[in-house]
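As a starting point, one isolated chain is supplied in structure tokens, in the form predicted on its own.
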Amino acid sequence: MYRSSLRHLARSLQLPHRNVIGLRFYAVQTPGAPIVEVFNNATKWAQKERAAQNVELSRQVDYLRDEVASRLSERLLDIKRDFDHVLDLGANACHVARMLTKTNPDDYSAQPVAEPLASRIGRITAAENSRSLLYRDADLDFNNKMEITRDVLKSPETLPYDAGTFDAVLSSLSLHWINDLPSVLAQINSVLKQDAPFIGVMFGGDSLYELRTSLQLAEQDRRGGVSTHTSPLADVRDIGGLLQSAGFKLLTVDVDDIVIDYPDIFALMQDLQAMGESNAVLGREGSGIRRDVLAAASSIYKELHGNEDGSVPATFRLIYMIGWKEGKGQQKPLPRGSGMVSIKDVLEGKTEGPKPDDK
């Protein structure tokens, strides 16, 4: 059979049979770096869809996404310009759009801004691959306070927009589920206009470290090993390099922690499931966590991290990032070593800082 097929190939190529017998066929990798898939996009889509079906419960657990979207939107207060067209990438249930329509966006300021940030935005495109989650709140009042276009993405890792489309790109609590983050950041840079900002926030590093350590210790005790029940997250030290590699300039990366108290580990895990934030790592155990492991993890959680009132804290570490697409007339950072005063000497009191009229 093998030699017969080779003879047929020889005749079709009009080559001598003896030359074909010696041919070897090799697998050749297509151009570009290979993508290491960590998350199952189909599983994450199903989790979001299932969570959004229970509208009442889904809205009850919006407290975290709303708070983070509010903090993200406040960063627009420091940018003194209007935005004709903004992209909200990974919009979930349009939490960013809701916060943009909020009166007094900076409640903690001594001189709060009364006008909502939506007044500085012409229109916003909310892009999300879960239709049920994206349209969950389409009937609420905030939709009437600004022009919102909802786009259902075929893939959370592919942006179907032309280069130079948007005056700003925002992303709140969606990038931590991306497999190929360098590619998505490069696509964000592409769809931005010149000298336009990208402002994003994602879970990172030590998020839910209390839950992680408790589950690991419980599994080690009950099963003699550790399984993957929580998702790996990016470290803040990597974000700056990723933004720079994607072509962004004038980078700013900072970290913020939100600590929320729950009655017990079960209430925490139920809320994560209702948010659509359950584990979606490839190769995870389909049967879920065993009951004896959960019981042991609950006791360990309270023993290692519990509060005096019996509740348990959960830490959500947020990595905020700001990067600007390069453009004409954009400010440039000063060369390294060009500073007139050493910050180290100022902090140690060895010298005075620069005066206001210093250049």
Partner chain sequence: MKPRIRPIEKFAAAVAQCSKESANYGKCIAADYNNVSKDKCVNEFMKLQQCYTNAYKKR
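Just so you know, these numbers come straight off a predicted model, no measurement behind them. Numbering follows the first chain given and starts at 1.
From this point on, the text means the form predicted in complex with the partner chain, which you will not see here.
Of the residues 300, 61, 322, 38, just one reaches the partner chain in the predicted complex with a heavy atom at 4.5 Å or closer; this is 300. Listed residues 194, 244, 119, 220 were compared with the partner chain in the predicted complex; 220 is the one with a heavy atom within 4.5 Å. The three marked residues, 50, 266 and 296, each reach the partner chain in the predicted complex, with a heavy atom inside 4.5 Å. Partner proximity in the predicted complex, defined as non-hydrogen atoms within 4.5 angstroms of the partner chain, places exactly one of 212-220, 153-161, 139-147, 186-194 at the interface: 212-220.
None of the heavy atoms of residue 103 is located within 4.5 Å of the partner chain in the predicted complex. Not displayed here, the partner chain is kept clear of residue 252 by more than 4.5 Å at the level of heavy atoms in the predicted complex. The partner chain in the predicted complex is approached by residue 292, whose closest heavy atom lies within 4.5 angstroms of it.
Using a 4.5 angstroms threshold between heavy atoms, residue 273 counts as touching the partner chain in the predicted complex. No residues of 179-210 lie near the partner chain in the predicted complex, the criterion being any heavy atom within 4.5 Å.
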